[in-house]
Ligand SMILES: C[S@@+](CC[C@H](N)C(=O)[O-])C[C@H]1O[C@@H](n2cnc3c(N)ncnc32)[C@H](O)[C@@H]1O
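The form predicted alone is given below as one chain in structure tokens.
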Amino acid sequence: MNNEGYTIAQNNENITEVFDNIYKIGTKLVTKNFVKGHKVYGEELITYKDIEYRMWNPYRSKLAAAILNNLKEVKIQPGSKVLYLGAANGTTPSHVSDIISRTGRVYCVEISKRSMRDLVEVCELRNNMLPILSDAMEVDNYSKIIPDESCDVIYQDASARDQAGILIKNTRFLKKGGYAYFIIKSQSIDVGKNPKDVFKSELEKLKDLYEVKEKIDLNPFDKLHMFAVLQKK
């Protein structure tokens, strides 16, 4: 195997598990690589005591940014079934794949055919990821693949005007008491409104279905975004 791009962690760089299957080496957030020797988005690979980890870039992943900004709990765990809306090229979904390991599943919904080409390549090597080409509002396109109330977590990172509407449509797939990680992109909804007003409005639309558990500001990693943790009632 070509060692170019590898780092051997120093003995004084202790590894700490901050959540299930999520670690820090020094100050760097990492996940165990589900496919040894394979990179997804040019991330650094780090070997520590013969285990390979992938650097998790918070400027490329809002989940990593939320963790570094003191997210209290990560409900994506080994064995979790995750519906990922807005999977794009597979950057964050690949780290979710690392976390859930062999007994979990990530259903990756993406509307862009261009992004889907990259995503399919990632999924071909990761048998716990399933690519689904679809508009996330058209849930009937994948309702035969994902049973109702079968997912532990919905992770939504979709650039759309009706972001709350997308989550409402997909709530059917989430178990009662399950969690939604809802990233609100204010500029995709209304560039003329104060982002705080947009965040408040989107969460208000979900109050009958979800209880808000956490709200994380993603600065300095992402501006004009809110990372909301919701629990299905």
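Residue numbers run from 1 along the displayed sequence. Predicted, not measured: the structure shown is a model, and the values here were computed from it.
The same protein has a further form, the form predicted in complex with the named molecule, not shown here; the description that follows concerns it.
Peer 1: Answer with yes or no whether E110 is in contact with the named molecule in the model of the complex, where contact means some heavy atom within 4.5 Å.
Peer 2: Within the cut-off, so yes.
Peer 1: Find out whether any non-hydrogen atom of A158 is located within 4.5 angstroms of the named molecule in the model of the complex, and reply yes or no.
Peer 2: A158: contacts the named molecule in the model of the complex.
Peer 1: Taking the named molecule as it sits in the model of the complex, is K28 near enough to touch it, meaning that at least one heavy atom pair lies within 4.5 angstroms?
Peer 2: Judged by the heavy-atom cut-off of 4.5 Å, K28 is well away from the named molecule in the model of the complex.
Peer 1: Would V106 count as touching the named molecule in the model of the complex under a 4.5 Å heavy atom rule?
Peer 2: V106 lies outside the contact set for the named molecule.
Peer 1: Looking at heavy atoms inside 4.5 Å, which stretch does the named molecule contact in the model of the complex, given the options 79-87, 98-106, 143-151, 123-131?
Peer 2: In short, 79-87.
Peer 1: The named molecule isn't shown here, but in the model of the complex which of I46, V198, L206, I166 has a heavy atom within 4.5 Å of it?
Peer 2: So the residue touching the named molecule in the model of the complex, by this definition, is I166.
Peer 1: Within 4.5 Å of the named molecule in the model of the complex, counting any non-hydrogen atom, which residues from 127-143 show up?
Peer 2: Sequence-ordered list: S134, D135, A136.
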